[in-house]
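Taking the form predicted on its own, here's one chain by itself in structure tokens.
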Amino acid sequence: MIYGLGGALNLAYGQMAVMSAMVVLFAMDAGVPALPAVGLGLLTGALLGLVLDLTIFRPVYRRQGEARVLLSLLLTLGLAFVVDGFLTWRIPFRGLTLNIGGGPIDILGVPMRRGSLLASAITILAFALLFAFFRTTALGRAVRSVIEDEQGARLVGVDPRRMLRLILIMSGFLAAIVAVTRAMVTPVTVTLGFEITVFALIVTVVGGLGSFPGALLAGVILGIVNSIAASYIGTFLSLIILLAAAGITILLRPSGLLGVRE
């Protein structure tokens, strides 16, 4: 969404997710119940998106074209290293785990963990709400108008800068959802940030930069491939397979599965 709207990339996305997870962890350590703690984590993600908009993305949006992309890459990558280094220094062995009670549930004869099912349900709901937002609300259509024609959007009274701020806040909120759902399946440690970012970039490239339906399709396909590959050949080789899929997509269809050809 950030690239489609503003022509910039956020390589600190994984660190936003990790920081949201750490807020949930510390809130639970302080005695806050799980649901309010998760709410604090989601709020943290949204606030991180706002902080990015008010700080390092301001000089980014003053640039145009390739200069904007390159500056966003450099600034957000530097931020990612700073956050990653600080968390590794201060809390190197902490990780968020959200235990969902109860035994596995059989689905078509396959036992599924309750945490995995709940995480999948939350993810599907998040995608459905995003789809409804962009398709049925006036604000969502305003965002899409900026993506399709920024100058035309200005002429009809839409402020692209405000839409960019909204999308950064939404992206932070979604990063927090990533952290929460991931914690239902496996611990979210302080070193997980770059892995989340790499997966996000692979999904974005395969689905198509700026394509919301493409991201959904690529996420489902690559998620299945990653799960099967990790089960049979190991996590490290599964990442190589995902990178190979991204490389093949770039060669055969540079715009991605559902991206728009320029």
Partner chain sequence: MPTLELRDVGKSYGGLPAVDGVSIGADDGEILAIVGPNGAGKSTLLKLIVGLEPATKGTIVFDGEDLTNYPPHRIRQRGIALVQQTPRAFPSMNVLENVALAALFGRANAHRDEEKALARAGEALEFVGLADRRFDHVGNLNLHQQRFLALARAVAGDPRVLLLDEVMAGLNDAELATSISIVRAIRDLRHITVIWVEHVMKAVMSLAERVVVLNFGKVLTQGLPQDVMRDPAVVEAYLGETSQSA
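Residue numbers count along the first chain shown, from 1. In this text, all values refer to a predicted model and were calculated from it rather than measured experimentally.
Missing here is the form predicted together with its partner chain; even so, the following discussion is about that form.
A.B. asks: Only one of 80, 142, 119, 170 comes within 4.5 Å of its partner chain in the predicted complex by heavy atoms, so just point that one out.
C.D. replies: In short, 142.
A.B. asks: Can you pick the one in 174, 158, 130, 184 that has a heavy atom within 4.5 Å of its partner chain in the predicted complex?
C.D. replies: Only one option qualifies, and that one is 158.
A.B. asks: Since only the chain is shown here, I'm wondering whether residue 94 would be in contact with its partner chain in the predicted complex (any heavy atom pair within 4.5 Å).
C.D. replies: No - in the predicted complex, heavy atoms of residue 94 and its partner chain never come within 4.5 Å of each other.
A.B. asks: Heavy atoms within 4.5 Å of its partner chain in the predicted complex: does residue 152 have any?
C.D. replies: Judged by the heavy-atom cut-off of 4.5 Å, residue 152 is in contact with its partner chain in the predicted complex.
A.B. asks: Would you check, heavy atoms only and a 4.5 Å threshold, whether residue 107 touches its partner chain in the predicted complex?
C.D. replies: No, residue 107 sits far enough from its partner chain in the predicted complex that none of its heavy atoms falls within 4.5 Å.
A.B. asks: Would you please decide whether residue 135 lies within 4.5 angstroms of its partner chain in the predicted complex, comparing each non-hydrogen atom pair?
C.D. replies: Output for residue 135 is yes: heavy atoms within 4.5 Å of its partner chain.
A.B. asks: The chain here is shown without its partner chain. Which stretch in 67 to 75, 121 to 129, 144 to 152, 184 to 192 comes within 4.5 angstroms of it in the predicted complex, by heavy atom distance?
C.D. replies: Heavy-atom contact with the partner occurs in 144 to 152.
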